[in-house]
Structures are given as C-alpha cells and as structure tokens.
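Quick heads-up: it's one chain on its own, the form predicted alone, in structure tokens.
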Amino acid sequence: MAKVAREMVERAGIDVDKLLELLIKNAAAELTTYYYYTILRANLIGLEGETIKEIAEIARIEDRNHFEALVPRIYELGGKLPNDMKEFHDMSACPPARLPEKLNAKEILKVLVEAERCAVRGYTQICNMTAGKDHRTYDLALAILNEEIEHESWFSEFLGEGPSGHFMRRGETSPFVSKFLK
C-alpha cells in the first residue's frame, strides 16, 4: 500500500473505504463484463451479428484493460480483491450482461448498451467523488469513463437511437486508459 497516497486522499476529505468499495465493485463489473461479452460476441452471428462483432470485441478487450488499470489503484489505497471469484462476481457494480432469451443481434445490442450505461453511471460517480481531491483516481476513472461513453455511443447507434459523433477506432485499444497499463 502507498501509505502517503491513502493519507493524502483522506486529508482531501474523501471516505477512502467508500471509494475503495466503489473501485472494487467497478473492477468486478469490468472483469465480469469481459467474461459475459465473450459469450455475447460469440453469439453475434449472421449478417447483423457480424457487423457488430468487431465493436463488441473492442469493448470486451477494453473492459479487461479497465480491470487491469483499476487493480493497482485499489491496492495503493489499501484495498484488496476478494479471494473468492464468485464473491467478486456477485459484488459487481452492474448486473451481469447475460445472453438474452431471444438470440438475435438487436437483443444482444440491448444487453451491451445497458452494460455500458451502468458503467458510465459508475465512473461518473467516482469522478464526482474524487474531482479536485484525488487526482490519480480521478484521472483513472475519467479515462475509463471516456472509453465507456464511446462504447455506449457505438451500441446505441446500432440500435437506431441517433448519431453519436463517435467513430470506431482502428488498431488501438484503450487510448485513454493505456497510460495506466504501462
């Protein structure tokens, strides 16, 4: 644990235990979403599914990257991940992104967009809590939030909810979060 890091966050007026709870729950959401997106992506078949598969894959890989970026900050602040994977899954900040009963691209897209909307809410909460007080956590949460907003935008466009102004990225994954993975 980085004792001074935790001390500075506490001195700034943040309830570090509450912040750690949010970080751990969001880390659980990222790892479980990575798992569920693997299943969702595998079921994106046919002409409609193939058009979405690449975007779902980018979101899947970036969710894994979000998990990897969150873990060091959790430990820096004196937190830790649960030893039990089922416990970790069940504490997720977002509900499981399970396969819908009707297996078609539109229903899978609905699951994907709702998972992203939950993530946007979670990281917005962390940003609001840490803005101007915990610069490192804020920077990390903001980087993840930027990517989650892009994911939501991509999926909502496919659902016909209107243009987002976002374009699919080519080649690079996690452009905002990558600096935390080095």
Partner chain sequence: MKFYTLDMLKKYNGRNGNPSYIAFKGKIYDVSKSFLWKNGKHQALHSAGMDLTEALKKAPHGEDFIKRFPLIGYLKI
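Positions refer to the first chain, counted from 1. These numbers come from a predicted model, not from an experiment.
Here the subject shifts to the form predicted together with the partner chain, a form of this protein not shown in this document.
Colleague: Contact between C94 and the partner chain in the predicted bound form at 4.5 Å, heavy atoms?
Modeller: Yes, C94 sits close enough to the partner chain in the predicted bound form that at least one of its heavy atoms falls within 4.5 Å.
Colleague: Counting only non-hydrogen atoms and a 4.5 angstroms cut-off, does I14 reach the partner chain in the predicted bound form?
Modeller: The answer is no: I14 has no heavy atom within 4.5 Å of the partner chain.
Colleague: So, E21 and the partner chain: in the predicted bound form, are they within 4.5 Å at any heavy atom pair?
Modeller: Answer yes; at least one heavy atom of E21 falls within 4.5 Å of the partner chain in the predicted bound form.
Colleague: Is E107 close to the partner chain in the predicted bound form, meaning a heavy atom pair under 4.5 Å apart or at it?
Modeller: Heavy-atom contact with the partner chain at 4.5 Å: absent for E107.
Colleague: Could you work out which of T38, N146, T51, Q125 is the residue within 4.5 angstroms of the partner chain in the predicted bound form, going by heavy atoms?
Modeller: After the contact test, the surviving option is Q125.
Colleague: Give, in sequence order, every residue of 50-65 that has a heavy atom within 4.5 Å of the partner chain in the predicted bound form, or say none if there are no such residues.
Modeller: Contacting residues: none.
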